[in-house]
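In structure tokens, one chain follows: the form predicted on its own.
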Amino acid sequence: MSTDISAGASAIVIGAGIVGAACALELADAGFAVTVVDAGPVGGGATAAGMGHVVVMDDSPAQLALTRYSQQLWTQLQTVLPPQAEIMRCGTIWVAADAEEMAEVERKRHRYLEEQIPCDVLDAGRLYQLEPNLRPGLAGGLLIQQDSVVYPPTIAAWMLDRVTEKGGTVRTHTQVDRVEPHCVILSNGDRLAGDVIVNAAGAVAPRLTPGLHIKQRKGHLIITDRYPNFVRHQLVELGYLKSAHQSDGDSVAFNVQPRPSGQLLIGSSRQYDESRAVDHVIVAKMVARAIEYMPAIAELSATRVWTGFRAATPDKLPLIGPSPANDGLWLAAGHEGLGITTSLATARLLVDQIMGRTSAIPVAPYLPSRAASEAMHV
């Protein structure tokens, strides 16, 4: 589909999280008259609940392409973001517990270098120089230098401020009841017409577009008091990949992030559970896993624990492109734990399709129409 922006084309984006905000800004930059609608505040939902880790992941070639492309877009954007974005170019260390996981380090290094992604293999000595609070006996790790940490709610707000400067409108605390062809119906009965409608509503996207293969996947995070330099890089156990991508059941993994404030974010967990309540059994397992890798965490004070919902697809890739079932509706949802990382690439790929432009990476792996294929079903 190609939209005639010279005729004053309009776009409605449902969702004011980081993905919706990125889509709205990309559309506004392309000349659309943009309206953003969200049932909550700007940067709420998964955007407020997540870690804000901008990370290259290589679980599949399509995931690697999308995360790498988006990281490159983040590198460009970070030069103009305000201090409130809390950018830390701290890098990620994938921690290897034993010789078997060091073999995985070598595999990842080879794959990343093929894509010209800077990385360094760390032996045990170098690992402890960089992160002395890790427990003794670990084998080493892989440092990805260009990964970073950001504060997504502030960035979503900054993006939408740019949208309003370009003449757009942002309507928060406004519930969408349903989506019709080229029209959004609000819960108060108001109708918003748009040449383009984007469903970027995250975990609630299937309510507005029935039939989407998206499930809510619950996660917990803990934030500590201030302990400057206790952790210097985003630290993730190599076992995280197995935990993050198992299809069923509850799981936890060691995942600790430093914040500019000196606080730590401690994760992570995954559950198919629709309750927003904190699951203290899962939190206890998550803390135990963190202590297993960094024993001194047991001496730190936590200030808050919260939950959020990732929007998960069966093949672990987002839906980016036209809805097969609704004329004028476009999808930007299903990012699970990579919505922050892939928000910028999602927006660019989506608007490339709307405008009929050639994209920097192939869009086929992310098209919603793939949901009809057998590979998308669990």
Partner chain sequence: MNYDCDVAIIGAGPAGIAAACCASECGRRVIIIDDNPIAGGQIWRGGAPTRQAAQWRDRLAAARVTILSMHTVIAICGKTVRAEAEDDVSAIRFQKLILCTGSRELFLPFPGWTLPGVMGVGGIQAMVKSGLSVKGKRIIVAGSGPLLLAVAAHLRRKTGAEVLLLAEQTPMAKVLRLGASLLASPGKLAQAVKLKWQLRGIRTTFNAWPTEAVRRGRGLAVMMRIGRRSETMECDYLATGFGLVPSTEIAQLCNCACDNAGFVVVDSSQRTSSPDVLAAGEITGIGGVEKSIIEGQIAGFTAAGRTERIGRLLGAREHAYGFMRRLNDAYSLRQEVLRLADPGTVICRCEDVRLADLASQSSAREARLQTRCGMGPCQGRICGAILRASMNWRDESIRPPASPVRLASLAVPPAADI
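Note that the coordinates shown come from a computational prediction; the quantities given were computed from them, not determined experimentally. Positions refer to the first chain, counted from 1.
A second form of this protein, the form predicted in complex with its partner chain, is not displayed here; the remarks below concern that form.
Check A157, D225 and S301: does every one of them have a heavy atom within 4.5 Å of its partner chain in the predicted complex? Yes, the whole candidate spot contacts its partner chain.
With the partner left out of view, is G44 within 4.5 angstroms of its partner chain in the predicted complex by any non-hydrogen atom? Because a heavy atom of G44 falls inside 4.5 Å of its partner chain in the predicted complex, the answer is yes.
Taking its partner chain as it sits in the predicted complex, is A103 near enough to touch it, meaning that at least one heavy atom pair lies within 4.5 angstroms? It does not: once its partner chain is placed as it appears in the predicted complex, A103 has no heavy atom within 4.5 Å of it.
Do G168 and its partner chain share at least one heavy atom pair within 4.5 Å in the predicted complex? Taking the distances in the predicted complex, the answer for G168 is no, it never comes within 4.5 Å of its partner chain.
Would A288 sit within 4.5 Å of its partner chain in the predicted complex, counting heavy atoms only? Within the cut-off, so yes.
Scan L186, L81, A139, V305 and let me know which has any heavy atom within 4.5 Å of its partner chain in the predicted complex. Of the candidates L186, L81, A139, V305, V305 is the one lying within 4.5 Å of its partner chain in the predicted complex.
Can you pick out, from L235, I266, I214, A201, the residue that has a heavy atom within 4.5 Å of its partner chain in the predicted complex? The option sitting close enough to the partner is I266.
Exactly one stretch in 126-134, 188-196, 256-264, 105-113 has heavy atoms within 4.5 Å of its partner chain in the predicted complex; which is it? Stretch with heavy atoms near the partner: 256-264.
Of 269-293, which residues get within 4.5 Å of its partner chain in the predicted complex if you count heavy atoms? Those in contact are V278, H280, V281, V283, A284, V287, A288, I291.
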